[in-house]
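Here we start with a single chain on its own, the form predicted alone, put down as structure tokens.
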């Protein structure tokens, strides 16, 4: 099957270069945000080229230099860039062997390669990659049919390695966009309105007197800039005191979860993982031969990314050219949106990825890039480093939408699911700054809506792709009969939303896997056996059995509960089963003791990288499940720090065992988001096992557990 990234960028020189010193430069359009894609690409290139990984460099990702691979999202990096680099380096190996054969006067199959040295076995004559191609372009297309290495011969792929940049991270010498310095650089801070709908009514200049600081005002966009960062911070406080805001009607209030199912909405049936523009079928009566029919409703609040380091960007506007350093996950789509917002030609904008605080999803990185560019435009020739504050990050990033999931199913006496209905309700998960014309990309950047010539925020349209947005992982991998799946894009909800790790999959799998345990209990069946009874995919069964065996090999301590969850992310990526062991103390606090993860991610390239993705996904999901909820009122967001938005701490991290299924030669399956949904279902089921309480509204705080106990 053709690789889409190579279809867009077919030339080998767009992916690979060999320097005069023999070092290999690999180019990718995927940015490393902690998922270790640069490490995996290094191993792939080292394998195909038979060169030591230490002699491989991964190029910085910047517009007009890196391949355009869209956004680093959706667990697509290995399937897209990993596969592209494998085919590109296989092409380079084939090409270099042909050149060497001509130079050495032997057949290609008479050659061996050791660390970039090609040697003729019979004559012992040799030539290096540098001598053949160092400093010169390849000038050939990538051969998508080039033969790649046999997994039996692998020396690098699948081995345990230290991640690229890990020594700098551990040693504290890693440099982030926040640390960048340039001659003559200004620092800047934005002064925010109280909430989305407020506009700047008046600015009392008499209250803002700060030598050396400048104000940038464009409509209701307000910022302060100067050479000293501390002075800028204090100046921003004074500027905030000088601003008077028209608060308008404020944020919509009312019962969020009631409004999710009562508000105006666009409703579409989902068939084989994709929405269709047809009437939604009515919920049918249970089948005549049903032994059990069960219904339940599950709820998820708004969650934030909550990156430990707030977003930041550096911008410089000089001679009509704008250069921006950013930790955005999509430099090309951001460039297009910024061109719209700044009314600049796209070729006048250069976007360079720089390391920031790790984030899987659409946090403030794109927004702060435009903030910095606006201040830089007002200060031509001066580099501007603009950092969001913790208050900015918590209160202004795009959140993941609150959701409601309503499920109903019927079961026969043998454990076969005869009918299945799953409706999901929520706002959009897809507001990354992609442009479809008419300034639609700019409309998705925060500052654009506050300019003197504002770009109104867009009205979301339903995502119609396979397992996208609200309906991601709504379709079960299980072989349930008579499936009725419905996505509901709800209007009039209060908060700004976009993509966060897994999109709708976390909430949908939480509901689905909780409901399977409820269905098993109603039918008097074992929940693991019920899952396997309704699966036809042997790889799914393998991870379930591996996880269940490992979880149950030790005797469960008295008072503890065990729970289980499973999914295949998007029904096409990594298979993952999660088992959790918990207790609930007298203060109604959930303690996580032990976790087993079994995953099948196809061929393993970076073993520790996949394990880290699985384990990190479980921990983030545990935080969402037990602690996290964005709170707000009419006057704005009230969750503005780590006290008002608590997250999982080190004192509740369980012991984790990760089992990776060996699939040498199998296609790569994206692993970054596979464990989150199963973890939520497992925790819910473990709490039920420990306490007898079935919790359906996230998060499972002590208050929620006590309320359930007294119902």
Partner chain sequence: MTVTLHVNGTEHKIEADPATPLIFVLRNQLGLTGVKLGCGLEQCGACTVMADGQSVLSCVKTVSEFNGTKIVTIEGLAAHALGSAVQRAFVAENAAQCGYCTPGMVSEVTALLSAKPKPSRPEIIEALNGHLCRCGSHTRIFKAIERVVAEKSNA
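Residue numbers count along the first chain shown, from 1. Please read all numbers here as calculations on a predicted model, not as lab measurements.
One more form of this protein should be noted, the form predicted in complex with the partner chain, which is absent from this view; the next part is about it.
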Heavy atoms within 4.5 Å of the partner chain in the model of the complex: which of the stretches 386-394, 199-207, 522-530, 504-512 has them? 386-394
Is the partner chain in the model of the complex close enough to 171, 304 and 641 that every residue in that trio has a heavy atom within 4.5 angstroms of it? yes
Contact with the partner chain in the model of the complex for residue 253, defined as at least one heavy atom pair within 4.5 Å: yes or no? no
Determine whether any heavy atom of residue 488 comes within 4.5 Å of a heavy atom of the partner chain in the model of the complex, and answer yes or no. no
Is residue 624 close enough to the partner chain in the model of the complex to count, meaning some heavy atom within 4.5 Å? yes
Can you work out whether residue 654 and the partner chain are in contact in the model of the complex, taking contact to mean some heavy atom pair no more than 4.5 Å apart? yes
Note: exactly one of 163, 451, 419, 216 sits with a heavy atom within 4.5 Å of the partner chain in the model of the complex, namely 163
With the partner omitted here, the residue among 466, 247, 178, 562 that in the model of the complex has a heavy atom within 4.5 Å of the partner chain is 178
Taking the partner chain in the model of the complex, which residues along 47-73 bring a heavy atom to within 4.5 Å of it? none
